[in-house]
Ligand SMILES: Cc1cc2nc3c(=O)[nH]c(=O)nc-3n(C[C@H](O)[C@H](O)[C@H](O)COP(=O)(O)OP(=O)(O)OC[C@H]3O[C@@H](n4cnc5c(N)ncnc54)[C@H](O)[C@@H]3O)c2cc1C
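Before any questions on binding or motion, here is one chain by itself as structure tokens, the form predicted alone.
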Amino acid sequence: MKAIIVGGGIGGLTTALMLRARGLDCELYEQSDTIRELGVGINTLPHAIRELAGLGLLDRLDAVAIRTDELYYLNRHGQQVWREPRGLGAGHDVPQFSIHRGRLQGVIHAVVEERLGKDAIHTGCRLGAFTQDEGGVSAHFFDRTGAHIHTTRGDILIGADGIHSRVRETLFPDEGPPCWNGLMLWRGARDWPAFLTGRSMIVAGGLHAKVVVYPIAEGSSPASRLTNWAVLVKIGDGASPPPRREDWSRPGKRDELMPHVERFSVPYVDVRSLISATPEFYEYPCCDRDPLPYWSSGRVTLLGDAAHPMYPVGSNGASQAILDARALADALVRSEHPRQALVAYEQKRLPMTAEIVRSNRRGGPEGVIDAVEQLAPDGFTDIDKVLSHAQREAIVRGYATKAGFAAPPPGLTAVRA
């Protein structure tokens, strides 16, 4: 068995490790000239960390990340709507990590090179086309100038090549561009004084604008942390294309961002000063795609953002790609034929991720502050009179259950799927 993996992001790299752990051969092809540590902060949830821990990565992640221990949902006036423990504090057997996306990718990349060898990763290779027959798949790669540089043969091809997936485009040529919902996301990180426990995450705001703040690494002193922030604002109705193409590394414009920052009052951290002090930050129009009717065609399948790009809500993008990798690797070793394995993988993962995509469009767990703002836009004196504890819990816990990271009942610990 040999797999061709297209895409060197978190999903593709994790898939390589999962296949290697099960004795399956693979080669990974990345269109960039180098696998760079791009992005800013993300949260990786316990169900995904459990899979990375099973690959022996927990200590390496601990060295570059923060174990998130609590989450606050606040309205835009800074009033508490919901608070809950996270990770180990919520009863999971592994942490939730807040981490720089690039550092997470870097940790996995380093382990792939160690275990598979550097020759298993090919950079500067853009997928041009692939063909399949009864015996396998042939993939043809080109450089930036369009010159053919490599053809490879494998038993299956895995498209882990992101929201602009060439593999997905080949399977669904008439799909069109990603869907934009009118939300613009600005993201940055800055060394900043620690707040609350030093491992706390805050989501504040409501229907039309939110701010998210959390530490992603140790800071320059014991009293500081590398602190990630994100501002999400409704700037359009979603009926027209975004003002600029989605790109995780596109620099943001301060004059466009700062008027929106004035909307928020966060009592535990000076958000305005934090953002003002960040010398460089990025913008990203929030895009996704409609769930597909299928991911697999013969010996070819999709994974991660290529399969189910979703709005950045609920800390789920990278986590779901990691779960895809586990499910695909398991299906390949349990099935008698690659085609059978890809169907089994799709049947397990497609329905769940499709529901997460739809739930993220409705606000995901952050819908709890949307609901409160709708009912009490000017704030409240008693949150239970606005939205009962049971109603708030249903929004937050319901999403966790759908996404597969709900905390175990008291007295039990989470187990691997």
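The first residue of the sequence shown is number 1, and the count goes up from there. Everything numeric here is computed off the predicted structure, so don't read it as measured data.
Omitted here: the form predicted in complex with the ligand. The next part is about that form.
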Candidate site Ala65, Ala209 and Pro215: all three near the ligand in the model of the complex by heavy atom within 4.5 Å | no
Here the chain appears without its partner; judged in the model of the complex, the stretch of 156-164, 256-264, 273-281, 291-299 with heavy atoms within 4.5 Å of the ligand is 156-164
Using heavy atoms and a 4.5 Å limit, would one call Glu30 a contact residue for the ligand in the model of the complex?
-> yes
Does the ligand get within 4.5 angstroms of any non-hydrogen atom of Ala325 in the model of the complex?
-> no
Using heavy atoms and a 4.5 Å limit, would one call Pro285 a contact residue for the ligand in the model of the complex?
-> no
Report whether the minimum heavy atom distance between Arg339 and the ligand in the model of the complex is within 4.5 Å.
-> no
Only hit among Val94, Leu71, Ile108, Cys125 for heavy atom within 4.5 Å of the ligand in the model of the complex is Cys125
Could you list the residues in 1-32 that come within 4.5 Å of the ligand in the model of the complex, counting only heavy atoms and keeping sequence order?
-> Val6, Gly7, Gly8, Gly9, Ile10, Gly11, Gly12, Tyr29, Glu30, Gln31, Ser32
